[in-house]
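What follows is a single chain, given as structure tokens, in the form predicted alone.
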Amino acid sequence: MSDLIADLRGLLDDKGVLTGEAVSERMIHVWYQRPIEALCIVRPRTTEEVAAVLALCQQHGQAVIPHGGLTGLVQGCNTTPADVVLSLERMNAVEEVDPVGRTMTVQAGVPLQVLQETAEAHGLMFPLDLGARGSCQIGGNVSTNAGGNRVIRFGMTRDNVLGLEAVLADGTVVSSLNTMIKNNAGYDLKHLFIGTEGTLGIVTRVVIRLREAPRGLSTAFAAFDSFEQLTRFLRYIDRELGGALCAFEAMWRDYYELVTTAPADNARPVPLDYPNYVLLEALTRGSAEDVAMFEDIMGRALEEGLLADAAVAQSETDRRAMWRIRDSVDQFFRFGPAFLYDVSLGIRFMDSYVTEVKQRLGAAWPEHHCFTLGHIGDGNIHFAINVGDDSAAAHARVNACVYEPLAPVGGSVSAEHGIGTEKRDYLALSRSPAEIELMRRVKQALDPSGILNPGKIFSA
């Protein structure tokens, strides 16, 4: 192994390879404070250096674990002491912004928030948005096909990537930096690397699609007497806003109470009197007419019985306060370690599904805590569950409560976080044997030695 490290150092500069305490002083995740265990952390600065590192590791049969911002929630970046970590943190340049074509070409280590702010500086918007925006990197967003708050309007990461560059396990560089929305010239190879969690290649550069920045945002917080009322409101508001709806963030009472009760300092925009709540937002031109129209649409919804109560943000301060409620997920851990879940299913099944999950949990752990929220409009629910026991055995029992009811309704064990190792044993609940076998065949074709993020998604 010392020979391998020496060879890696020969490929990079004096800051390119970290070993010993420089590795162990880093944490694997902000919510899982466990030191990284690895042979070394390799930090290339260019695609050519990534290619050289992978070619060398292929020769040695050395496992390589890609690291971005380490904000993933499915243990997809877990390592062993024998692994080489490949961090893209020094590949953090915005290479080009094309305001006319509305594209941006960036290196994989650029944080999401930097992309958002760079786009805004050009009067444009990169619509991907999630709570980890300040830490997550675009390479990781691409590799996990991240979702977030605006999927209902702009789609997943996949829908906002025009082209990319990736390096295969043997060091081959596949550069497909397409900048066009329409390009049907053969296979669209970027999809081999989007959402495949670094198991088929390492994404090094990305061309993202930008949109015109909205001049204004209209935001409201609504309460509902039932989930059925909430779904009727979703159809109404999407129709009345004419495609301008860009966020529809649902919260069950358990979550709303958690994040608006001390020690959380979020003020309640509507009373804690209802089972369901929604934070919604629309893109506008920022005119007085648009503001009045949004308020009128919300008022008519109240008159027609499509919601029980609502508050419309009157300022940017109000808007940020409403979003703080949605983003206060750090409160999940108030009662100790929590198991986090990210599932997807048809909206028409959600109410009965959530009820069944909570009934199963209550039967096994009468004193459990289950906090529920989701993007809903795109079929996504998140749970944070505390049962007073964070052992592997308890985790498996909670997994059964959450995942088993998905199979009868054709749901997915992962809406937007990926599989990693956390959900590996449950992949078969959402994918057929033929699909999983095809995944394995693609993996074998692109990474025959199995060095790229081995053991993630499915067992080797």
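In this text, residue numbers run from 1 along the sequence as written. From a predicted model like this one, the values you see are computed outputs, not experimental measurements.
There is also a form predicted together with a small molecule; it is not shown, and the following applies to it.
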Original post:
Just one of 385-393, 218-226, 181-189, 127-135 has heavy atoms within 4.5 Å of the small molecule in the predicted bound form; which?
Top reply: 127-135
Original post:
Would residue 376 show up as a contact with the small molecule in the predicted bound form if we use heavy atoms at 4.5 Å?
Top reply: no
Subject >> Distance check, residue 83 to the small molecule in the predicted bound form, heavy atom within 4.5 Å >> reply: no
Original post:
So, in the predicted bound form, is residue 318 in contact with the small molecule at a 4.5 angstroms heavy atom limit?
Top reply: no
**OP:** Please check if residue 67 has a heavy atom lying within 4.5 Å of any heavy atom of the small molecule in the predicted bound form.
**Re:** yes
**OP:** Scan 338, 298, 329, 119 and let me know which has any heavy atom within 4.5 Å of the small molecule in the predicted bound form.
**Re:** 329
**OP:** Only one of 77, 322, 237, 104 comes within 4.5 Å of the small molecule in the predicted bound form by heavy atoms, so just point that one out.
**Re:** 77
